[in-house]
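Shown next as structure tokens: one chain only, the form predicted alone.
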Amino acid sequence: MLDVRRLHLLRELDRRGTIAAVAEALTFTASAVSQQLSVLEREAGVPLLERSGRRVVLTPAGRTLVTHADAVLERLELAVSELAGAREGIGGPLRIGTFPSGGPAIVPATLAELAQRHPALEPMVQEIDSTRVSDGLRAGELDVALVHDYDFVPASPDTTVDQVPLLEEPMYLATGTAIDTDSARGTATRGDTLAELLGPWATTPWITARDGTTGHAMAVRACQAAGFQPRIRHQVNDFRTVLALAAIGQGAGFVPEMATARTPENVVLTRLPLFRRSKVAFRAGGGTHPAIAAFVAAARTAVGARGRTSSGSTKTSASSLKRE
């Protein structure tokens, strides 16, 4: 009989690439991981791993077993969810991951909604880049997470994680000077292309998210699609800082609509034909868990309420730039 815990280790090795990375993520020693994988090979009766330089790679049989491990672990997650549903009330710790801009914009209202509906829940929030969420969920560090992807940087397929949509919002170009009347209004006119909207800023310094993030990749690829390579001066993940730097003429940057409610007076926002999509992610099979379902419902309520109360302020912020 194959051991489920060892199947989990094999799956993590397939995702993370090295025994050391698996050991660090799951708080084991590297030797313990190696020993458990050796036992799994004996249980399977066929080689599952082979050395490739300093790395260990899965054999075809090992990759086949990982596919079955995904299905087994998803089924176990479903079982845990059903058992949780049989208990009365929703309570206990709920470990929540969020991308930085989701913190002030979504998380507080979501937690307030959760506290009102399910006071026995104990939410625990940590900031995490969307690219690390899958690892955190599989390792059990997170139960649920807010994630996002952008045009030009779609989310990579991951059979170990399920996602449900939460919000789609347009991206804006933030600059310190208006290009024309349409830019000053903060909206793109029908037929505007990225080349037309970004091209005038091809030689301007740019403000992007840190290298290695989806926001950085989106900014670089959007500029490349407009026909130029951005000259990056600043790398910051906080959109408030992006707006503040744009306001003092330090460059152009991208911000999602969610971040524009408190735009500085002398920043021009130009709506772009680009979008960011926010979602709620959880381990595959975990969507019916009462606590996770409660979080999804609360997040959707919070986003809906925010849309009703802030859409006007975003338009006001943008239209006030006509005074430039």
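All residue numbers are counted from 1 along the displayed sequence. Please read all numbers here as calculations on a predicted model, not as lab measurements.
If you look for the form predicted together with the DNA, you will not find it shown, but the lines that follow are about it.
Within 4.5 Å of the DNA in the predicted bound form, a heavy atom is found for all three of A20, Q35 and R54.
Note on the interface: of 25-33, 270-278, 64-72, 252-260, the segment with non-hydrogen atoms within 4.5 angstroms of the DNA in the predicted bound form is 25-33. Contact between H8 and the DNA in the predicted bound form is not found at the 4.5 Å heavy atom cutoff.
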